[in-house]
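This document starts with one chain, in the form predicted alone, laid out as C-alpha cells.
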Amino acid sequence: MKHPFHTYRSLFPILSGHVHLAACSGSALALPVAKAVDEYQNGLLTAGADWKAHLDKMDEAKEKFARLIGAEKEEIAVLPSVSDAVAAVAASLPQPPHRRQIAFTDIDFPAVGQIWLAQDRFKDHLIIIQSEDGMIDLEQYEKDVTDQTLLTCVPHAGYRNGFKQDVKQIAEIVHQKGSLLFVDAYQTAGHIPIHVKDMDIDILAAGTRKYMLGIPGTAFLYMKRELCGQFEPKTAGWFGRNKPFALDSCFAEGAKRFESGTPSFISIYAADAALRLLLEAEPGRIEHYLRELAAFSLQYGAEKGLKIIGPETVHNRTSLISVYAEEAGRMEALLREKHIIVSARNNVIRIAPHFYNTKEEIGFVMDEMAALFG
C-alpha cells in the first residue's frame, strides 16, 4: 500500500525509534506542534506575557476547529477538557417542566455518566442506553429516547472498540422525540470528517490530545448558535462575559459564555499548530487512508489468530482495532519495552493508527502481539 502521507512522517520524531499506535489515547507529537509550544515558552522567557498575542492565538485556534467541524467561530468555546465541557452543559442545561430525562450510553467514556450522576436534579431521571457487544442499533435509540428526554449524549465512536455511530441518523431519531443531541467526538475529530450542520448536532465536544495531535489542557465545545442564549453557565468566569471587568456584565454571545478563567495558553498554541497540520492533510484524505489500514488490520489480525473486539468490517468502525488480552496492562508494558506504544483498556489492547502510520507497522505490532499471546 502506497503511503499517501509519507512526507509527514518526518514531522514525528518518535517514529524513528518507536512504533506509535496509540492515537486513541495520545497522538505522537509533531515538530510544528512542539515548535508552537516553544514559541509560547520562549516568548515568556524573552519578552514576558503578550496578552494580545495569546488571545489572538486562541481566536485562531477556535477558527480552525470551527473549520474542522463545519461550524462558525462564535459557536466554539475553549475549555480545559471534554469532562469540563460536559459538566458545564450539565450544570446549565435549561429544564422545561415536562422534560427531566437525560439519556447516555454504556459505550460513552465513563466520565460522561459520572458527571450526570453528580447532577442532583437529573440523577434520578437517567436512562442508560445499552449496547450489545459494544455496539448500539438505531432501533435502541428509538426505544429508549422518549418524549420525556431532554438531552441524549452519544459518542461518535466508542473509545474501547472503535464502533462508529451514524450520528446523522441518531440526530433524526432524538430530534423527533424533542431531545437535544450532545456528541462526544474525542475519538473521531481529526481523522474522520465531521460537519455539525449536515449531521444536525446540537452540542459537540472534542479534546486535542488524541487524533487532533495536540497536548492536554485544551478542548473545544460547539453549541448551535440558536441554543447558546438558552444556557446560563453556573461555572461563570470573566472570559465568558461580554464585559470581563464589570461585575454586572452579561454572558458573552455565542458559545464563549461557557469559558471561565484564563485558559492554558501553551496548549492552545499547540492546538492551533496541530489543527493547521490536520487541515492541510485534509480529514477526508486521512479517513480514506485509515479505512485501508483498518481493513488490513482486520484481515491480518484474523490471520494471526488475534481476537478482535468490535465491528467486523470497516463499514461502522474507525481504524481503532481492539485486541482481547486477559492481562492487557501487562502486555502494554511488555510491548513498550520493545518500543511499541499501544493503549490498554480493561481487557483489550487498542491499536490506534493515525495518518503518519503504515501498514507495515501494524503488521509488525500484530506479529509481536501474537508471539506474546502464544
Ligand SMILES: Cc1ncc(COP(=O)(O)O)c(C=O)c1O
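No experiment lies behind these values; they were computed from the predicted model shown. Note that residue numbering follows the sequence shown and begins at 1.
The next section is about a form of this same protein that is not shown, the form predicted together with this ligand.
**Q** In terms of non-hydrogen atoms within 4.5 angstroms, which of the given stretches 205-213, 91-99, 294-302, 132-140 touches this ligand in the predicted complex?
**A** Result for this chain: 205-213.
**Q** With heavy atoms only and a cut-off of 4.5 Å, decide whether residue 179 touches this ligand in the predicted complex.
**A** Close contact is absent here: in the predicted complex, residue 179 is far from this ligand, nothing within 4.5 Å, heavy atoms only.
**Q** Please run the contact check for residue 122 against this ligand in the predicted complex: heavy atoms, 4.5 angstroms, yes or no?
**A** No, no contact at 4.5 Å.
**Q** Are any of the heavy atoms in residue 116 no more than 4.5 Å from a heavy atom of this ligand in the predicted complex?
**A** Contact check for residue 116: no, nothing within 4.5 Å of this ligand in the predicted complex.
**Q** How about residue 289 - does it come within 4.5 Å of this ligand in the predicted complex, if we only consider non-hydrogen atoms?
**A** Residue-level check for residue 289: no, no contact with this ligand.
**Q** Please identify the residue among 161, 187, 105, 267 with any heavy atom within 4.5 Å of this ligand in the predicted complex.
**A** Filtering the options by heavy-atom distance leaves 187.
**Q** Can you tell me which bits of 76-108 touch this ligand in the predicted complex, meaning any heavy atom within 4.5 Å?
**A** Contacts from 76-108: 81, 82, 83.
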